[in-house]
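What follows is a single chain, given as structure tokens, in the form predicted on its own.
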Amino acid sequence: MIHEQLEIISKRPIAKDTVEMTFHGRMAQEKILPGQFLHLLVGEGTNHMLRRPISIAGVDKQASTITIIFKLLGEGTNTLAKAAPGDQLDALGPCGQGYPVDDLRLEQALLVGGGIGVPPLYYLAQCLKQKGVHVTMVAGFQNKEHVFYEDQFQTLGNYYLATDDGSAGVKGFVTDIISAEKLDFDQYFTCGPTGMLKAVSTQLSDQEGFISIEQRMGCGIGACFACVVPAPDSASGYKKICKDGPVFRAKEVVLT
């Protein structure tokens, strides 16, 4: 993990209340795993004391760029969205533990993402395809206004879409698609709201998989104990999401 002033080189809205932002910096030359995140200091002065953890949606080492996608959820992310190309942001990264792509031995992968949990899975899909893994993505959003990166995922493998109201794709949840379709895969990878992670990991309890937990953090480096999750088999009985995660083996932690 390094500390750097990253320069914003592009920013654009890609869906309702959803912003894609790309940075230039030497951090892009670091080994960055899908599932890891940037810890960004937004605004000026003491208005936002805590950094914002934003998962990494893409890395281009040749261009030395890192792309993030974030949703406008409050004052912090609204302030972040006001930053413009040419501005610099104070960043720590890459933070946390990502999907162990180098150690994976599989031919087919099932990716399941919900809402703002979709971006890290796009980077994961790119990395898996580079390894020759066949990727199937199941994405879930509130409605068609919130859907993003549909075309990008379709260039990487099979793609299924569900929306709560049926305004795009199948009406229902990602678990409905998993139930309805005969999806072949060796391991699954999922990221999204806790309720979705619990539903997916329960539905696929007989399969090997990984979950990535989206949660507010304090320090982001494992010092403040603000983001812990029960892990019965660990010595302490818990894991720190920011330092030990946010990616865990599905059976390693207990979602509450």
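Each residue number is its position in the shown sequence, starting from 1. Note that the coordinates shown come from a computational prediction; the quantities given were computed from them, not determined experimentally.
Another form, the form predicted in complex with a small molecule, is not on view; read the next lines as being about it.
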Counting any heavy atom within 4.5 Å as contact, can you tell me which stretch out of 22-30, 198-206, 58-66, 211-219 lines the small molecule in the predicted complex? 211-219
Using heavy atoms and a 4.5 Å limit, would one call Tyr188 a contact residue for the small molecule in the predicted complex? no
Is Pro119 a contact residue for the small molecule in the predicted complex, using a 4.5 Å heavy atom cut-off? yes
Although the small molecule is absent from this view, report whether His134 comes within 4.5 Å of it in the predicted complex, heavy atoms only. no
4.5 angstroms heavy atom contact with the small molecule in the predicted complex for Pro100: no
Among the candidate residues Gln152, Thr77, Asn158, Gln126, which is the single one with a non-hydrogen atom no more than 4.5 Å from the small molecule in the predicted complex? Thr77
